[in-house]
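Shown below, as structure tokens, is a lone chain in the form predicted on its own; questions about how it binds or moves come after it.
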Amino acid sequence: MTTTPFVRDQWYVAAYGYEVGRELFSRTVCGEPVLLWRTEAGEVTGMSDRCVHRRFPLSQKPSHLVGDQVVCGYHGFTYGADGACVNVPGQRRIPRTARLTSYPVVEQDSFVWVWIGDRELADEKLIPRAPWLDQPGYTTVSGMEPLAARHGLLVDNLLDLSHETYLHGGYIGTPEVAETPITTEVDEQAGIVRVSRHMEDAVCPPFYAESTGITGRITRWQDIEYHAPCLYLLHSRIAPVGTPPPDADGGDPDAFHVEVVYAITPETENSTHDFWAVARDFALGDEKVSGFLHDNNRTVVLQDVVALDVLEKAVAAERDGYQELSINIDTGGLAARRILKRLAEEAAR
């Protein structure tokens, strides 16, 4: 498996909104160190986290904000919220090139999205949606874990949930996940891959038994939408066996619904920001359920992190021309690889 080059002219999640405040904050996206902070009016702004003078990281103290200006803690170069230098110590003339790269930023669905690439191509309408994360009628828990592996390995992992049976047994995995066939739909033009697995009679794993109170066997639906390159949505429907299916108009009052969201953001060619969130439409005010889902989902994510960090080392060390084996359950992941490769090739033209 080769490393897919960064697709730069795309929106990526750089942070959760709650991570960004009046403290200078940095996160690397597609190899670019991005400085994030909120203006006094509360707007998120993003710019290069390197002073133009001697490349000192502006997120590093004693760099600091004065109003809506960033003061470099090394030599005092000062920048406005648009990235333009407004003060150079010791001289009145400001060099024409004294400007930080400024990135288009959009705050949506609890995420801070940043456009890495040609800013003239940044279209907010292209940002995929995950409305449950800050929508009335849902309660959300979330986090982010660093992954010392290329982003394509996480895409593969999430599009083939049969690994839940083996890697996540005792949390979300049961035998039925690996045993149940999948259906796959691919929209090549839109860059969307859909993978569905409907289990009509399955063991209820602890993740759902503890949070919903279901004690018997369940109908368990997993419907995945992957929006290349960054956003992954897992629509989970859980209900006791025998519960009526959803109404023709989409109503489904007798089932429990969990929306699992991952933002898969490349940090470097071989490291990834693994943003995760779990939104539910039940037990909305129950802090015990929230704590349980947060801790258990983080445990599951960390199990993936350990496995993928090991896999990255194995893949990086393999000989050229190594041929991996793929089977039916890999159709979604292979489609995603194909789309990511096409996007990278189009970007390179």
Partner chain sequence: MSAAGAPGAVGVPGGPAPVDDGVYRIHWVPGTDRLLAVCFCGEKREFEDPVELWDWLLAHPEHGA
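Owing to the predicted nature of the structure, the values given are computational and were not obtained by experimental measurement. Numbering follows the first chain given and starts at 1.
Form predicted together with its partner chain: not shown, discussed below.
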For its partner chain in the predicted bound form, the stretch among 300-308, 40-48, 56-64, 320-328 with residues bearing a heavy atom within 4.5 Å is 320-328
Since exactly one of 201, 269, 124, 187 fits, which has a heavy atom within 4.5 Å of its partner chain in the predicted bound form?
187
Picking from 236, 108, 196, 142, the single residue whose non-hydrogen atoms come within 4.5 angstroms of its partner chain in the predicted bound form is 196
Contact of residue 20 with its partner chain in the predicted bound form (heavy atom, 4.5 Å):
no
Using a 4.5 Å heavy atom cut-off, state whether residue 334 contacts its partner chain in the predicted bound form.
yes
Should residue 182 be classed as touching its partner chain in the predicted bound form when contacts are defined as heavy atoms within 4.5 Å?
yes
Interface membership of residue 254, its partner chain in the predicted bound form, 4.5 Å heavy atom rule
no
